[in-house]
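In the form predicted on its own, a lone chain appears below as structure tokens.
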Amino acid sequence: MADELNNTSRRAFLKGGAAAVVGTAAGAASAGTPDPLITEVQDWASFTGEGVDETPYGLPIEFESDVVRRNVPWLTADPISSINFTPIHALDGTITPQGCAFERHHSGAIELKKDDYRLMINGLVDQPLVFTYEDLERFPRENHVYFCECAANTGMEWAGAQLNGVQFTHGMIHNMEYSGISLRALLNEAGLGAAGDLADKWVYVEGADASSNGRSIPMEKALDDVLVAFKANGEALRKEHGYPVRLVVPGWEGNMWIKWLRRIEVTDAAVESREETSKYTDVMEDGTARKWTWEMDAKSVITSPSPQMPIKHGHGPLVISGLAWSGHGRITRVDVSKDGGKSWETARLGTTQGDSKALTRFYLDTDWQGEDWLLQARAMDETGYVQPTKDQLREVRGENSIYHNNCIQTWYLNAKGEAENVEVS
């Protein structure tokens, strides 16, 4: 019945027969009052605009200049080893433009020309090989849409609500269409006969930057869906995203998506490098740590309304929107709560791009009359996994962790339409 009433309200609103509603809800001119933006010729219709040769590379219009990556100065000691955040509050759909996709560096973004690029495959292979960039372009190409999430996304929230804005609580994520070649194809080119039984073999991958950021990947994953990518959203990778070549490890933590990829070594054991021992391990409540946590569990967040996206149009029809994702597979359902998890409504899932480990947009078409809400989203994936509450995570992990916080997020929405990061218990 509630859905039927909401749909009826929207039909009336959209038919334009309720001009008074428009005036009351959105502050527009009431029926019969001339609107100068309609009745008078405006400047943009009186003069010619810019020529096509004045913007050789397209940039956002100045009215969207606030849709940019931002950082939090106190999170890292040095900008070179730092992170910024995707403005997911201001985006819709699922694809993240490269220019505002978050970046994370351990020793700064480097400039590496295609002509100087080399990729080595060595270790337990039949024939060690070195590829140039042009060599890679000759392999059969694939295109896939995947999300990349930093393991520390939402990491500041373990001990309590810290950052007021979804860009900062959940913005260490982006979702792009990657073009490249399967890692499997390159490994097969080098030959895996020398490795023997592949069941217990690994690949060690490292970048060309000063930190190298080396990580070990089980052979099963390497031969599955890992991609050696050189394009994102149809264009060359950006410098900060690993130009000219990066690794894409679908569904797994972003630290394993090695940028400026330079070497792939087939090994008979995990290398256990600095990035997989001293960091990127999950501290548990009893002080021990999980040695390997690769996959990103199902997660969701409401992006609008949220602290950076207050309700501005007043009372009436409202679209609640957000994102959901899982490293285990496709999102099958997202529920939304307005009362802090006491009751739930099933959201409408937007069109996906076809790949299972990609962001899914969800919408709940509803009505808001100035009530105080405690907004939450809860995602479920195709494995049956249900996104947990923060209390459920803390029962196992405590409050001293950093990584893999996929808890349900709560926004408190007040009568003014403003939202704030809070916790409920």
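Each residue number is its position in the shown sequence, starting from 1. Computed from a predicted model, the values in this text were never measured in an experiment.
The next section is about a form of this same protein that is not shown, the form predicted in complex with a small molecule.
Taking the small molecule in the model of the complex as the reference, which of Arg263, His106, Arg141, His315 has a non-hydrogen atom within 4.5 Å?
By the 4.5 Å heavy-atom cutoff, the listed residue in contact is His106.
Listed residue that, although the small molecule is not shown, lies within 4.5 Å of it in the model of the complex (heavy atoms), from Gln308, Ser179, Thr293, Ser212
Only one listed residue qualifies here, and that residue is Ser212.
Is it the case that Asn255, even though its partner is missing from this view, gets within 4.5 Å of the small molecule in the model of the complex, heavy atoms only?
Yes, Asn255 is a contact residue.
Whether His174 contacts the small molecule in the model of the complex should be assessed with a 4.5 Å heavy atom distance threshold; does it?
Contact check for His174: yes, within 4.5 Å of the small molecule in the model of the complex.
Does any part of Asp225 reach within 4.5 Å of the small molecule in the model of the complex? Heavy atoms only, please.
Asp225: no, not in contact with the small molecule in the model of the complex.
Using 4.5 Å between non-hydrogen atoms, is Lys259 touching the small molecule in the model of the complex?
Lys259: contacts the small molecule in the model of the complex.
For the chain seen here without its partner, which of 113-121, 227-235, 241-249, 191-199 has a heavy atom within 4.5 Å of the small molecule in the model of the complex?
Correct option: 241-249.
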